[in-house]
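Okay, so we've got the same protein chain twice, two forms, each given alone as structure tokens, structure 1 and structure 2.
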Structure 1
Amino acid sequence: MSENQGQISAFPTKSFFVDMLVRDIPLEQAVLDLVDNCIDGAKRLRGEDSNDLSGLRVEIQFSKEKFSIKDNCGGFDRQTAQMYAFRFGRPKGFNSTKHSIGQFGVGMKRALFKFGHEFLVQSRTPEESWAVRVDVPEWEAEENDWVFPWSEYEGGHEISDSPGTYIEVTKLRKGTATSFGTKVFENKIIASIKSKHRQFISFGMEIFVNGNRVDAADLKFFSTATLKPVVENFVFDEDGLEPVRIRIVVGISDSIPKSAGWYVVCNGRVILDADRREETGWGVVEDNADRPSLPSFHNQYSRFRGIVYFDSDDSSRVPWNTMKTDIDEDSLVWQRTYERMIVLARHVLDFINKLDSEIEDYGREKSPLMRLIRNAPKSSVDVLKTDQAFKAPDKSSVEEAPPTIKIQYSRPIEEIEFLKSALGVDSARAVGERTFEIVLERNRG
């Protein structure tokens, strides 16, 4: 009889562990986790509150054969690799990046295992360089040995002279290779980075996906002397815990149903995008009759935009779930903020209702409020930082359309006729106006 007769080993096998780890994470999410790590590097390098990430760059490449991501965001040292990056879960007392977005200690490993069967991670800091190369099936075969061996730093993948990290995964899993080989997946990654990392891109960080530079999806509000979005800043302080700084901006923008709703940004990372669910207050539900809420979302509200920023040096204090795909409704910080969101949104929705009834009375073309909105300039949310109350025009304060200047020029008839047909308009004047609108739209972005 063996000496272990009195107990049962529950020690997990590595392959079971890996399968569990990668099972529920969508491939797209795994790629974003790696981008989050690069951004944390950038925050360590430039300071957590820095608004200047220019010169920092992330390059992602993927195909049926291989995935790679490299950055010049400072790299991380051997100790971080040993204590954090390659550990499953974060050891207590480990000093992580302040204000980080990669807070759960699983992102990188999960992504590497999700992608393929062989990976290389190498990093260079000003002081040192190191590399880890793992053949996953071999690693899994060594059942009792939960270590990753150091290997030789190979170099040759640096973006610039500045230190950084290079990760490469080969022998891709079949499903992964299938997705990585398509334009559709590339488009999805570009769209996700554009939306989730917009703030870092607008701070000057450059992110490339298969050679395509990702531009930031800009969030803009109509902002004039008579029409201003509300901005409210406050701090949520609990004894002994890192404070959470909150900024809420609510106002109106272009009438686009798919873009309307709440945006929630935690430590710079967009968690919710144009959210119109009950979780962010839309729609009265019988069970929650005591909870303040907004009317159900309807296309009438397609001009509504609300953005909520949560920032904390301790990333476990901002109200996101582990996948960074939704808010944590149980968080006290969220619950307090939610109440303010509803109050501030009501003012804006009231104005939208007023606008709607005016359009019904006057017609879209003649409504004075509508005319004011059509000509109003917009401000990016990034400049709306100081507290201000919501300001909406009433009919009496609406001025006539802003002053205009006439533009006149001549062009060959043949070219004008060509553009008339190409643009689907029927006069030379309309060609002039439409071409002006196109150039204005493209340059405003």
Structure 2
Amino acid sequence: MSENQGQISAFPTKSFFVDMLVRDIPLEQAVLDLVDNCIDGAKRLRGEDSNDLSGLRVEIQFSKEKFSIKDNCGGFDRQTAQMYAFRFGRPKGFNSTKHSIGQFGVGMKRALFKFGHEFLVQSRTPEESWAVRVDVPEWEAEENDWVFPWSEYEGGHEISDSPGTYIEVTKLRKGTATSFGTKVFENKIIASIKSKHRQFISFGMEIFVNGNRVDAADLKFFSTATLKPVVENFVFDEDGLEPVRIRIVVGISDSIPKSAGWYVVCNGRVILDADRREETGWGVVEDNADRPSLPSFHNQYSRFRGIVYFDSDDSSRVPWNTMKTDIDEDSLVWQRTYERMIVLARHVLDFINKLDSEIEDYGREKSPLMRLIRNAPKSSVDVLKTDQAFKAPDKSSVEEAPPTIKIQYSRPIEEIEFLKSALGVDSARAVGERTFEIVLERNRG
């Protein structure tokens, strides 16, 4: 082959690269990625282990015309922007924020391209300020030039004149503009932030969506002297790698089917909430009958809550996927933790089965265990940090009530109405209970 023929180019076109980058990420997740960046800024500003984010604020605005997000989380300098922030992926030697939730170096760029065809990013630290403005079609037309141009810092978008970052996207994509213009999407974003960023909101960070403040979704367990959730802490350590700290909390809470299941939290960011799939152990058939397993989920287990926390200074060590929408099942950290999740959950499900059986025997109103749960105080998962075994009441710790059985029968409506009037009651159930009492008293008499 002649040397003059040159090499075959495999360089991607920009339009193809952008299309592939944004195709599979949901619009909602792209918004959350930008909030993640704000939270990482807050961690740099206050310290990665700080539980005090009070005074820090994120404001999100979107409509059919544009999207914007701004924060007062300290901003980032020109060198970080030049060397890292606008790179696609994390280059070697990059020192990321410890305990960060922005891991893979694609979130901001992916969101910008997902939203529209023109964007402005500007940031200010106490020492300097900078801006980048990109017309995406013009940028794509320059096939061999992958740099983003500096622009003049405009200002005027600061929160209380505090250092921070402002992002604005205009010339929205058609599908994006349609979603951004609906109340349904606004409510979806509020619900997602409330769920996914609950820990940071509980630490004092304020997040607003189109002027609406987002409150934290608290996760609570019944916790008494006789009914305690299990709490287990351990560390996964591998030679030469940052350790991963793991905390599992499993117990029972209010009977709410949509809230039941597993919650998985990586570096403070909720990855799964109320998960009831095989991926978290539900309905997996084990070949080894001696190993504990979980049944398929049904509403009998609507009181089950399980929360797993993964924390590491190196965010690549926690078991999430690139979009932070699911766990990485191939992660050794996840596989080891999964085994403990099943063991601990089994104790809780056994108690729920016992409770369900007792309700069948006594009735919901007269079940001793049900009465104990109904009056039990709840504790936030945020305070359940010390190791403890699952504790459930037994028959000796609750007041026994005689078992009951439900009696059902049907009679003509006019006869029921006659007895309601004669007995002075206002329901068919009350008719049945009162007539039973009368017959019982007469025959005991």
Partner chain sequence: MSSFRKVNYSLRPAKHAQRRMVSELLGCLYPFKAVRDYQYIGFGSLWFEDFRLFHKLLGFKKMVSIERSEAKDRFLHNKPFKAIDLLFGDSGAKLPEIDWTKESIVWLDFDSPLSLETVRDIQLVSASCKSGSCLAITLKVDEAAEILEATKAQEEISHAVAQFTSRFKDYYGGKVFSDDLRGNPFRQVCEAIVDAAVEQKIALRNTEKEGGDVFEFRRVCRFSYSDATPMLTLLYVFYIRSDQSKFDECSFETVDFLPNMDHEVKIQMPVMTLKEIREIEEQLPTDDIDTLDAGYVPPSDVKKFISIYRYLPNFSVLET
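The first residue in the sequence of structure 1 is number 1, and each one after it adds one. Predicted model only: the values in this text are computed from it and were never measured. Between two forms, the rigid core is defined as the largest C-alpha subset superposing within 1.5 Å.
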Pick the form predicted alone out of these two and give me its number. 2
Would you say whether residue 411 is displaced between structures 1 and 2, judging by a C-alpha shift of 2 Å or more on the superposed rigid core? yes
Core-superposed C-alpha of residue 420 shifting 2 Å or more between structures 1 and 2: yes
Here the CA of residue 438, compared between structures 1 and 2 on the core, is shifted in angstrom by 36.4
